[in-house]
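Before any questions on how it binds or moves, here is one chain, the form predicted alone, in structure tokens.
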Amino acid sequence: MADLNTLANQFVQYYYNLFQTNRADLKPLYRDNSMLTFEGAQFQGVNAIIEKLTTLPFQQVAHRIATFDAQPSINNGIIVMVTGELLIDQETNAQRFSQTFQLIPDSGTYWVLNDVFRLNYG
């Protein structure tokens, strides 16, 4: 499981770094059959997903990762669940979030088949 957790950690660091610096650079991580569920709204395909991510109503975001868990999936894929906090623009009160990815292997790298994001209230 160490390799699985190492891969998951590398993905988490890479994904959130790109998200924070230039969300459009996330495009190579998605495919036409990828799906994003963002706060209950579903987006299918790389172009729809990137359009959603790049038109979110904030300029700056910082992710503080609290936990991540990884499990093996079908065909050598990986399920990664992330929890943490978001700091958006100039806000000082962080918002809690959870996000789950299903990663699919492809020629020595991974792409995102499923991506589910939810703010956690309460």
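This structure is a prediction, so every number in the text was calculated from the model and none was measured. Numbers follow the displayed sequence, beginning with 1.
The following text describes the form predicted together with another copy of the chain, which does not appear among the structures shown.
**Request:** Please state whether all three residues Asp69, Leu113 and Phe117 have a non-hydrogen atom within 4.5 angstroms of another copy of the chain in the model of the complex.
**Result:** Yes, all three are in contact.
**Asked** Of Leu87, Ile65, Ile79, Ala48, which one comes within 4.5 Å of another copy of the chain in the model of the complex, counting heavy atoms only?
**Response** Exactly one listed residue reaches within 4.5 Å, namely Ile79.
**in the model of the complex, the residue from Gln42, Gln59, Thr55, Asn93 that sits within 4.5 Å of another copy of the chain by heavy atoms** = That would be Gln42.
**Asked** Closest heavy atom of Val12 to another copy of the chain in the model of the complex, within 4.5 Å or not?
**Response** So Val12 does not count as contacting another copy of the chain.
**Message:** Given that another copy of the chain is not shown alongside this chain, does Leu36 nevertheless sit within 4.5 Å of it in the model of the complex, heavy atom to heavy atom?
**Reply:** Answer yes; at least one heavy atom of Leu36 falls within 4.5 Å of another copy of the chain in the model of the complex.
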